[in-house]
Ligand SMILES: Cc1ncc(COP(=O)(O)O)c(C=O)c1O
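Read the single chain below, which is given as structure tokens and is the form predicted on its own.
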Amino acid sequence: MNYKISDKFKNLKPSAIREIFKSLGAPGAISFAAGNPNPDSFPVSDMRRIADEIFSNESVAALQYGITEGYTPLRKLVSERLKRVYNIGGPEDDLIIVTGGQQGIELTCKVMCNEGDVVLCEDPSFIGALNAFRSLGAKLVGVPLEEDGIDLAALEAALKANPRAKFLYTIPTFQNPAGITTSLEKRRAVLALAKKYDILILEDNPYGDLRFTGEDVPTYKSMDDEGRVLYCGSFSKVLSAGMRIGFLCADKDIISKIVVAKQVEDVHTNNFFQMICAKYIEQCDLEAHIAEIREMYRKKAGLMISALEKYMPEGVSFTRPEGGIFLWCSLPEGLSLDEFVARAGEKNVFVVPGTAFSPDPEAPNHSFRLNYSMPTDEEIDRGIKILADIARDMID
């Protein structure tokens, strides 16, 4: 049968990262392609105890329908932590629990954008967000990144060229895929431009808790005095990615519409996992747990950077993140990214090509993303050496 796929989806390609996952079952495969938290970061014993407690004492609440806005104790705990840790949340703000940060991103676009509306985003940017925007018929306009964040001149040019753009999507802290952090100076300038051109900012901060060196930088939302910033966060990187517990904090008027949009999609986020998350925050030391994860990733990032410094030939550049789980490598101009990725795959080493993170996948690209949270220490050293040997061979 000749199926007539909708215009929105007929040209939409699957996530390159999810497709790469299908190749990782080969013996000896080294994956730098994942975006997963390290499984050693999952507090399994505490969650097992909490799950038993829930099914012993609150099984009906865990298994019954819940309210769309989210499990009330969890919403309260998340709001309190946002205020305490990030100085986020004012009298005009509200918060909804969503099914992973991905849903918060998608719902924002669904509520704020008509088909054909422009969404500004960093170039490169998170593939899940880009595909969510594409699936809703939004037009993507990429703004290049510099070492300290988004290119301000290019951002203003994009704002002038697209006066009806609906919002700027940004990952200012430990950006995915680049690993960089936008400076405070630039954040203030971006906010000023958002006010000047009357545009919203969707701030995605799934990695903000994972700083392992350097000083914290205030979030856009903490500096927002006009209800201009929507803030999206997640427990995926600090408790469990599989629980799919995220949250969105924004002006009450926006959240009220996002509640309606979520009712259409999935009614509410999984009650059982919301309850586990809430009780973990109540009964355990979340901040101490996060501190342990930071130390794990500090070591792994250091190992990867050391290996890159040791093995990579001159001309290959890479970022040096202060947190998160990614860094960004760039080959010298003129080298074929497709050939590099293919040759790496032939040697059982997998990376994500930069084209996957581009608002314009047809644009030239010579960069690739590396993840250091998942591979073992030995795999980091061995895999980077293999990649370096390929790059050196291609340069020579």
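On a predicted model such as this, the values are computed, not experimentally measured, just so you know. When you see a residue number, it is the position in the sequence shown, counting from 1.
Note that the form predicted in complex with this ligand isn't included here; everything after this is about it.
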**Prompt:** With this ligand left out of view, which of Gln102, Thr182, Thr219, Asn271 would have a heavy atom within 4.5 Å of it in the predicted bound form?
**Reply:** Gln102
**Heavy atom of Arg320 within 4.5 Å of this ligand in the predicted bound form** = no
**Interface membership of Lys279, this ligand in the predicted bound form, 4.5 Å heavy atom rule** = no
**Prompt:** Can Ile171 be called a contact residue for this ligand in the predicted bound form at 4.5 Å between heavy atoms?
**Reply:** yes
**Request:** Indicate whether this ligand has at least one heavy atom within 4.5 Å of a heavy atom of Arg244 in the predicted bound form.
**Result:** yes
**Request:** Mind telling me which stretch in 154 to 162, 220 to 228, 205 to 213, 86 to 94 gets its heavy atoms within 4.5 Å of this ligand in the predicted bound form?
**Result:** 205 to 213
**Triple contact flag Phe32, Ser330 and Asn371 to this ligand in the predicted bound form, non-hydrogen atom at 4.5 angstroms** = no
**Fill in**
Of the residues spanning 211 to 241, the ones with some heavy atom within 4.5 Å of this ligand in the predicted bound form are Ser234, Ser236, Lys237
